[in-house]
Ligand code: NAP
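Take a look at this single chain in structure tokens; it is the form predicted alone.
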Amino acid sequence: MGQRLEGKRAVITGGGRGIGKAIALSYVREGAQCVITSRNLDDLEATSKEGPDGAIKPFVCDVSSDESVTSMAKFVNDELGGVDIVVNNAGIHAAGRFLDIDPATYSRLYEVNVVGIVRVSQAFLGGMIERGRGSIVNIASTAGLFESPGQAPYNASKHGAVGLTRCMGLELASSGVTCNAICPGFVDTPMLDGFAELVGAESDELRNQLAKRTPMGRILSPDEIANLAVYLGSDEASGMTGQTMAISNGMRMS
């Protein structure tokens, strides 16, 4: 068992399933203590039971709510005594023709996928800056680096997350706190099932079609994203900030 995150404390939003779950389980295997958040308590409790006893603590939080994030931050600080790593993974998706999607959908995605990063990061940055160290890891998407049809609200919000990461990295550079983004391509998560439902496709068939679009001929596992998140949360990445790293089975190279 590796211990690359020995003694570190982390909060992971969207930690009940998919990429967030994989990151939480990888973090505790590497020696970290974690609080995971999402809006679904059942998912959170199931994930916490998969980790070592007491290593993963669940807390229900809606990152689009100021009050909810404030309450979560108090819980995290009380339980962990501060954090060394913030993983902003919570996100939502929408798809459809540009002309068919109303402005309220854009606002909803922006509140979660961009402003959610702001709320959660600001809730913990004071302590990180005071200690002179810390890592913020934003889970964006290759949709934040390139264009794609039928996903204007999602792409716009993920472009916002990428731009925010770069600005945060620049402004925090002298504080000892790093901020980087991971931009996954197609990942085998429950979000793919939601996307399949939106476009009226069978989940397995959608996965097969997406796999065929990548040079490696497959979609990613959540663990592959978690591996990169471990590196970015570790001291090994202390000289890296403001970066956006695509991991997409060769589909997007930047």
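Just so you know, these numbers come straight off a predicted model, no measurement behind them. Counting begins at 1, following the sequence as shown.
Beyond the structure shown, there is the form predicted together with the ligand, which is absent from this document and is the topic of what follows.
With the partner removed from view, the residue among Thr189, Ser26, Ser48, Gln33 that has a non-hydrogen atom within 4.5 Å of the ligand in the predicted complex turns out to be Thr189. Exactly one of the stretches 97-105, 153-161, 129-137, 166-174 approaches the ligand in the predicted complex with heavy atoms within 4.5 Å, and it is 153-161. Taking the partner from the other structure, the ligand in the predicted complex has a heavy atom within 4.5 Å of a heavy atom of Gly185. In the predicted complex, the ligand sits beyond 4.5 Å of every heavy atom of Lys57. The ligand is not drawn, but in the predicted complex it has no heavy atom within 4.5 Å of Arg9. The ligand is not shown here, but in the predicted complex it comes within 4.5 Å of a heavy atom of Gly15.
Although the ligand is not shown here, in the predicted complex the stretch 85-119 places heavy atoms of Asn89, Ala90, Gly91, Ile92, Val112 within 4.5 Å of it, in sequence order.
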